Each structure stands twice: as structure tokens, then as C-alpha cells.
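Take a look at this single chain in C-alpha cells; it is the form predicted on its own.
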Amino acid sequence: MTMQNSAAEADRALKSKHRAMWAQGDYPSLAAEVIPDLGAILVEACGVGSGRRVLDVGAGSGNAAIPAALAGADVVASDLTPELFEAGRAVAEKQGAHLTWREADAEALPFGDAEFDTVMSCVGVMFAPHHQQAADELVRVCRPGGTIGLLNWTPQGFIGRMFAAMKPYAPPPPPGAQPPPLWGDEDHVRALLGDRVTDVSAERRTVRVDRFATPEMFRDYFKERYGPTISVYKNIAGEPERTAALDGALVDLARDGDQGTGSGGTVLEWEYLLFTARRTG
């Protein structure tokens, strides 16, 4: 086997692993119950409206794609994990949104150059392991003068710290893979896109999460529904001491992040970077 074939085979195996990770649990319900408004925030920031051709990369079950379609755009929702589309189609039908669902790898998008007016991603493309390849694809499929819009968790924010807490219990990342929360660092995103974009707007915001009565409920919810968390626990299955340590780390994370005022519930503020830019050329 040549080195090129070997690299291609390794990439296919990695993408298959990522697809399986997101297919487990129940990410559609998590997105709908915990962060239901983030997609609409991104759509508004991108100025999506009637007549726009929009691609949502890492769309999942359509948290951003469906609001874009409801705004009148011609939308393609793409994701590496098509198992997430069933829930999205049900929501779209219920809300009267019409859009196209397409299985696609963010690092090798099956679309033509300059095909879309707006290319966006709401906590989706950040999980593509090779950041520069994914960024190159976002730029390639966006027309000159079009909008690239991204909403991603920051490294310093709650979800970034959750990934840091899980890292000691996760298998080592494959060669060349970069941490997802780097997409929430403005300097990193600017470097990925370079001089291919202009009119950059980057703002750190937070979303309030108050559905968990206790830190333990937060942990158990993510253990049950969130693919990356499920995968980390599977990696240490059969190691009760490490499992207990991760249990404690996630509870401590939520307890330390609690912004509640003694009302009896856990109130968390999850920071994200809202980034928009215009493609040059």
C-alpha cells in the first residue's frame, strides 16, 4: 500500500469514527432543549434572507439550517452524520421549513466552487479534526462577496473547559487533529481564513443554560446524550476509579460554573464566539 493510499484509508477510518460518535446518544434533543436559540442567532448575524443560497456545515439536526429556511433562504443542511437528519426533517416539517439534507464531510465538501451566498456553521465545523482543510472548504464554496458565519464554543468558556476536563480520559487524538474549541478563538479563525476574507466581526457572547437542577443532572444528561462525552466514558469502561474521577470532574465543572443565586437550580453561562466575514475576490 502506498503512503497516499494509507493516508486516505486512515482518514476514512477517522471520519467513520467521528460519524459513529455523533450518531450515539441523542444530540438532536440536546440541541433543541439546551441551546435552541443559537442557530437563529447565527442566521441573523449572517443576514440570511429570501433568495440567498445557504450552506450549513455540520448542520446536525438543523439548529441553524431550519431558521435559515424559515427566513426564506434556499438551504442545504450538510453533515458527516446523516443519522441526525431524521430528527431535523421532523422539526422542519412541523415548522413548515423546506430545505435539502446532504451527507458531507466538512473537509471535502461535495459542492462546487463559489456555489453559496452564505456558508455558516453553528458548533458544527469546529469538530472537523483538520481545521485548515475545513476552513479552506468553507472559503471555496462561498462566492466572492458572500458571507461566512461561524458560532463556536470558546476554549475559555464552559464547553471548552469541559473538553479540557475530559481530555485525560480520552484516547490520544490522531496525528494532525486539533482541539475543537480552537475554533472559538478569534486569532485562530482569522489565521485559518487569512486574507481570503474581509469585514470581519468577532464577538464573544454567552448563552444561559438553566435546565439542570444540580451539577449531577448536568453530568448525567451529557453522559446519556452527548456523543463526545459518551465516547470518553466508553474509553475508560471497566476502569471504575477513572470513571469515578471523570464523574467528579464534570460535577466540579458545573458546580464551579454555577451562576445561580441560591434559587435551587444550576445556572450556567456558556461562552461562544460569533464570527462573520465577507469573502474577498
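Everything numeric in this text was worked out from a predicted model, so none of it was measured. Numbering starts at 1 and follows the sequence shown.
Same protein, other form: the form predicted together with a small molecule, not shown, and the subject of what follows.
- Listed stretches are 234 to 242, 66 to 74, 212 to 220, 23 to 31; the contact stretch with the small molecule in the model of the complex is 23 to 31, by a heavy atom cutoff of 4.5 Å.
- At the 4.5 Å threshold, heavy atoms of residue 55 stay clear of the small molecule in the model of the complex, well away from it.
- None of the heavy atoms of residue 118 is located within 4.5 Å of the small molecule in the model of the complex.
- Of the heavy atoms in residue 105, some are within 4.5 Å of the small molecule in the model of the complex.
- When the small molecule is considered in the model of the complex, residue 128 lines it closely, a heavy atom lying within 4.5 Å.
- This chain appears without its partner; in the model of the complex, the one residue of 97, 189, 166, 84 with a heavy atom within 4.5 Å of the small molecule is 84.
- Checking 92, 123, 193, 141 for any heavy atom within 4.5 Å of the small molecule in the model of the complex turns up a single hit: 123.
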